[in-house]
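As a starting point, one isolated chain is supplied in structure tokens, in the form predicted on its own.
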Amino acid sequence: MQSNLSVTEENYIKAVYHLQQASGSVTTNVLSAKLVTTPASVTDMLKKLKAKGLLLYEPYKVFCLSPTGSKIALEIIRRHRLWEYFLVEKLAFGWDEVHEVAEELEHVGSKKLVDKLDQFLDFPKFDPHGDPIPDCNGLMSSVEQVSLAYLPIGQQAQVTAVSNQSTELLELLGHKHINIGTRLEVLAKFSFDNSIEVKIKDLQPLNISEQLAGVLFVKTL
């Protein structure tokens, strides 16, 4: 397994992995937009990653990670999500505070440290935002979930994931007392703006905008 990758190379590998998950393959322009850099810089890095056997790449064509590249991507993601879990569960960080810290810690590549961290945390399956944490073999748990926007009136559900993890969104969810694990019931839907009214425990009914409902994922109860 590669042990001589730079932080920039790891960031590229992780970005390609996430884009692949969304579309199956990636283009230079899409990757440059995600990383906020020039297509020329992206092309240079893609050539380096191909030379290291981490990328299946030909100029002017879509590309994807090689099996080795995918394995490294999952290792980086594992480290990131374990550190997020540690920061929230053990150091009392808010779920809206951990992403940037974990972005730095994910590049600490000691396998022994990561395995010990996983064991210390009792092998968590999901991070604080509901994303699955790869195990030491790169395997991830899954849960049947659906966007809150598609729940029918009267359906009870539990929040399982948030697809947008911006600080602004997570602050909004905190204000509305919505976290991973929150149980709610759909009380009404409004066709005027596609907003949803939900009930959470003993709180007053809340109005959830169409945009917010679209990034909240739940499992039905």
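Start at 1 and count along the sequence shown; that's the residue number. The shown structure was predicted, so the numbers you read here are calculated from the model rather than taken from an experiment.
Separately, the form predicted together with the DNA exists; it is not shown, and the next lines address it.
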Using a 4.5 Å heavy atom cut-off, which stretch among 66-74, 38-46, 186-194, 173-181 contacts the DNA in the model of the complex? 38-46
Would residue 8 count as touching the DNA in the model of the complex under a 4.5 Å heavy atom rule? yes
Just checking whether residue 156 would be counted as a contact of the DNA in the model of the complex - the rule being heavy atoms within 4.5 angstroms. no
4.5 Å heavy atom contact, residue 164 to the DNA in the model of the complex: no
Non-hydrogen atom contact residue 27 with the DNA in the model of the complex at 4.5 angstroms: yes
Heavy atom within 4.5 Å of the DNA in the model of the complex: which residues of 59-94 meet that condition, in order? 59, 60
